[in-house]
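Only one chain comes next, encoded as structure tokens, the form predicted on its own.
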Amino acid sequence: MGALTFQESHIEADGFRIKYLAAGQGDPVAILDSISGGISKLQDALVQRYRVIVLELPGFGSSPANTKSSSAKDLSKVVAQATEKIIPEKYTLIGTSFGANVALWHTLQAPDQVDALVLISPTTLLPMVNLVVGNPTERAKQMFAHPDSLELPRLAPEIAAKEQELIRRLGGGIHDTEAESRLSEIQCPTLVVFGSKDGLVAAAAASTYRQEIPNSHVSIVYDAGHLIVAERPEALINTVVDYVERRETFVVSRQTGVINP
């Protein structure tokens, strides 16, 4: 199958005008994009089998500054309203980095909407550092295991600064004790993926997700930093696509972790 073209649309939710992209057919998969352009390879792989909807979180990317939301929990309510209008049935929900934090809270607050959950490099638990603002070199060292060997995603400085400030204000660099206390409430199949050299999250976070979420699986992608799709795209895509397809019969369903070579 050739490349499918995503169509851009907008939806109103809680006073926000939210941009989203949609393409493909089949069971729905919703992706929360908090790293502009960072997940295009993953969505392009998923759209070959599924109907994929990519939502731009208010305040990220090209959207206006978000001064209304106060936390990932608060922002997840907006996402729940938007996805309910776009996707009438239950769906697989995927989030990356701060988008994963919002996806986690969305699942806690609107469990009837989410059929399966994929958290890629979430910073909800045990974040180690705040993002460096205005210093691309230092920020790259935080985000990637090998920044010098990559052609890094280019993001306009004003957009990068806006996103980093919003993440900081919404608690993206602070351990979310409330979310941790409620992980056991997540009943849907859940996959949590970390890079083995993630510089933004303490390694102990992975075992907490695995222990506290009843039907969960953890995958550790070898030699990858926080933005796994930029450094190990094939490993991440294979893991996520396989999980979306198999869920309970996922190849590492009864293990605490897996290293993708």
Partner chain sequence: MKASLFAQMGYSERHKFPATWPVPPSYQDPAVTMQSYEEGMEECELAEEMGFDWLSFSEHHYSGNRLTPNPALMAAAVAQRCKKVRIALFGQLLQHHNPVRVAEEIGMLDNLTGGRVIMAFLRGIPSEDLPYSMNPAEGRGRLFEGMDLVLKALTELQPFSWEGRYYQFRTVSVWPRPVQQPLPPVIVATRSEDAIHYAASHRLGLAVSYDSVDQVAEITQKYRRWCQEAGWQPTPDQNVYRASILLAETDQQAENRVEGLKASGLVERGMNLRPSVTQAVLAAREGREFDLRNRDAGAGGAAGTQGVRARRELITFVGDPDTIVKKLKGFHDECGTGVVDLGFQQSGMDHEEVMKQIELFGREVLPRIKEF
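Just so it is clear, the model here is predicted, and its values are computed rather than measured. Numbering follows the first chain given and starts at 1.
One more form of this protein should be noted, the form predicted together with the partner chain, which is absent from this view; the next part is about it.
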Answer for Ala235 alone: is it within 4.5 Å of the partner chain in the model of the complex, judged on heavy atom distances?
yes
Check Asp14 for me: does it contact the partner chain in the model of the complex (non-hydrogen atoms, 4.5 angstroms)?
no
With a cut-off of 4.5 Å between heavy atoms, is Ser62 one of the residues that contacts the partner chain in the model of the complex?
no
Under a 4.5 Å heavy atom criterion, is Arg246 part of the interface with the partner chain in the model of the complex?
yes
Among the candidate residues Val201, Ala230, Ile220, Ala30, which is the single one with a non-hydrogen atom no more than 4.5 Å from the partner chain in the model of the complex?
Ile220
Per contact check vs the partner chain in the model of the complex (non-hydrogen atom within 4.5 angstroms), the hit among 62 to 70, 22 to 30, 205 to 213, 42 to 50 is 205 to 213
Is the partner chain in the model of the complex near all of Thr83, Glu89 and Tyr91, within 4.5 Å of a heavy atom of each?
no
